Structure formats: structure tokens, C-alpha cells
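Given as C-alpha cells, the chain that follows is alone and in the form predicted alone.
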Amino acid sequence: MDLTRREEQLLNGAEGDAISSAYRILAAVGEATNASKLVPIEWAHISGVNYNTIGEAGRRFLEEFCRDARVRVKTTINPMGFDRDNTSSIPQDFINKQMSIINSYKSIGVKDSFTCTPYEAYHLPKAGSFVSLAETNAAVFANSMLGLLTNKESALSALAAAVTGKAPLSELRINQLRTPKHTIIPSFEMDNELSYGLLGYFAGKEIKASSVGINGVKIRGIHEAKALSAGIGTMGDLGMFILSSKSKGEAISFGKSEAKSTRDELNSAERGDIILFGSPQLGLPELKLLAKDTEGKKFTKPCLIFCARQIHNQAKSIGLVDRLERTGAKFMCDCCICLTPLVTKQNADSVVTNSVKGAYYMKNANKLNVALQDSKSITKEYMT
């Protein structure tokens, strides 16, 4: 990969160790992905915020790295491990280490977004812009629905992009490489968010490429696009989908049997002790749908709704929060289902969720059984 003279100087320490480290990361990623050069980006989104995700080694790395760095583009960050207004069940040691991570990020100028769906909360660059997004659902959504250009970044590569303002020109940042060579063709009607999540998870496992075509599917709302993006991002290398693809490559069927086997892989319980909504975090359209489906009813099990605080504040101002809290649901802001210390074996044997991504992490990371159901089925079964 070719570097400019100034980029080589920065890599060699002209502006300190942190920038040097960032350029070394980008150079390594660029070489691994056959990048021709680095290009300026307009937005970065960093994962690796939750202490459960990066651990003590990650926390110490950030503490050192952030002493000598500053972001050069608008930079948002992923959810943390808990809601700062609801810490009664969180060990103090976890709180201290989580806040150390947050303070490191804040010191370099990131926005304290704590969201895995920044495309719902912030002004976005125009289509065709280079960006660097580490959260998997956000990368897939940005490429597929917004026309932005990002690879499926790691926490480190997105951090490096944020402090340099640059990213390797490779893979999905090159228009010619965004054309899919495989097309998935569902053979049944996709009628709820769970079916879109299962399709995405199936695609992520089956397709060993960066892009996939999907024929015969209509996305009627952002909740379906988010479910599809999150499912795709959970497994494998896929970083985008193209609807109604004209790809002449291999056609792969996704029928009811494939949907069932995909669900069976993630579903391990008939019922759940705690209901979880919000992986990806819920936005206003989803909160409105949930409020409509739960109007005048009460949940029969504890229910947690995960969303960004910015979304919560907007929902509060139009009465959505009050409507949903009257059902017995409890909001958790700035955190999400994945790798949360809020739901563990200590307070549940199983959970129920409509999220394929949430089910994957609850089962594999939190070691809980999962009842995977669509939202309408959940509200029908767990409300009176």
C-alpha cells in the first residue's frame, strides 16, 4: 500500500506514539486487504466500549493510547455495559473499569453516543462518502441502505481511522467490489422482523464474500432493515446486501426449512424469564410499534427495552416512554442486549427476545437459554 510522504512521517512518530500506532494499524489492515492507499473519511464509529467486550487489556491499552491522541473526524461510539441511571445490580468494580474506558474515549473527543444505531441519531454524510464503522449492524446498514462506503471494521481499525481521519481504500470502499457474486432467494413471505433477522444470519453463515444479493424481498420499515443488517453482521464476512440484485452468480434458496434450522440453532427454550428488546437498540419507529402492540396491557414477565439515551429523550418528549412504562417495561439507556452484565445466570435461566443477534450473544456469551420469537408473538404470549 502506498503512503504519502506525510503519512510515512506520521507512521514513524512525527506526532507521537498514538498517531504512529494508528498509522501502523491502518498500514497492516491495508496490506491485508490489498488496499492501494489511504483515503480521507467523514465519520468513524468505534466498537470496543463495553468492558465485557475488551476486558482489562483493552482498558489499559485505551488509557495509554488516549493520552496522546485526538479524533480528527466526527466519531461516535458503541453502547457501554450498563445504564448509568440504573446501576444497583452492577458490581462497583465493573462500574469503575467501564467508566475508565468512557473517560478515555471522551478525552480524545468522541461523542458520547453509546449507540449501535448511530444512523438513527446523528446527521449522516452524503451517499458515496468514505466512513469507518466498526459496529457490524451499522456497517451493513450504512453500506446497504445509505450508500456509504465502509469495510466491516474492527474496534482497533475504526479507532485508528478516527484519530487519523483516514482508512484503507479496499474491499467495500471500492464500488466495483460491491457487486455480489451470490444471490439469496427467499421462497416464502417475510412477514416479521424475526424472519429478516434469520435471513441475515443465514446469509452471514453461507456467503464467504463481502456482498450478497437478495431477490424477492421488500423492506417496509427500518425495523426490518435493522434486523436484516444485524443478522448479517453477527456471522461471517458479509458487509452489505443489495436488494433485487441482478447478480448472475450462484443462487441460494432460503426456504422455510432453512429458516427453521437457523432458528433452531439459536432457540433453546420454549419460554423466557426476562423479555429483552433492543439488539440493535430500538429507535423511535420500533418504540411506536411496540407501544401500539402493548397499549392497555401489562407484561407478565420482567421486560427490558434497550435504546440510546438520545432516542429515549425523544421518546420521552412525545409520551412513548410513559406509555411503555405503564406496561411494566423498564428502559435501559446507552447499553444493549449483547454482553450485558444486566442479565446473567444469577437472575434468569432463560430469556425471550425477537433479536437474532441478541439471541446469539445471550446463548454464547451469557450462557443463557433463549426463546426466539417475533415481537407480536412476544406481546401476545407475555401480556395480559
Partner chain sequence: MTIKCQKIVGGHAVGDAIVTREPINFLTMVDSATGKISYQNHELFGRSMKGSVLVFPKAVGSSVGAYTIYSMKAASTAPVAIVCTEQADIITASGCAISNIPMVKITNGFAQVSFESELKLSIDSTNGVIVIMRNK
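Positions refer to the first chain, counted from 1. Note that this is a predicted model, so its numbers are computed, not measured.
Just so you know, the form predicted in complex with its partner chain exists too; it's not on screen, but the next bit is about it.
- With respect to its partner chain in the model of the complex, the three residues E120, L289 and S375 uniformly fall beyond 4.5 angstroms at the level of their nearest heavy atom.
- Listed stretches are 133 to 141, 67 to 75, 87 to 95, 186 to 194; the contact stretch with its partner chain in the model of the complex is 133 to 141, by a heavy atom cutoff of 4.5 Å.
- Not displayed here, its partner chain is kept clear of H312 by more than 4.5 Å at the level of heavy atoms in the model of the complex.
- In the model of the complex, G236 approaches its partner chain with a heavy atom inside 4.5 Å.
- For V39, no non-hydrogen atom is located within 4.5 Å of its partner chain in the model of the complex, even though that partner is not displayed.
- Contact check for D83: no non-hydrogen atom falls within 4.5 Å of its partner chain in the model of the complex.
- When its partner chain is considered in the model of the complex, only one residue from R220, K126, K208, K260 comes within 4.5 Å through any heavy atom, namely K208.
- Between its partner chain and the residues N151, T164, T115, S279, the one pair within 4.5 Å by heavy atoms in the model of the complex involves N151.
- In the model of the complex, the residues of 1 to 29 lying within 4.5 Å of its partner chain by at least one heavy atom are, in order, S21, R24, I25, A28, V29.
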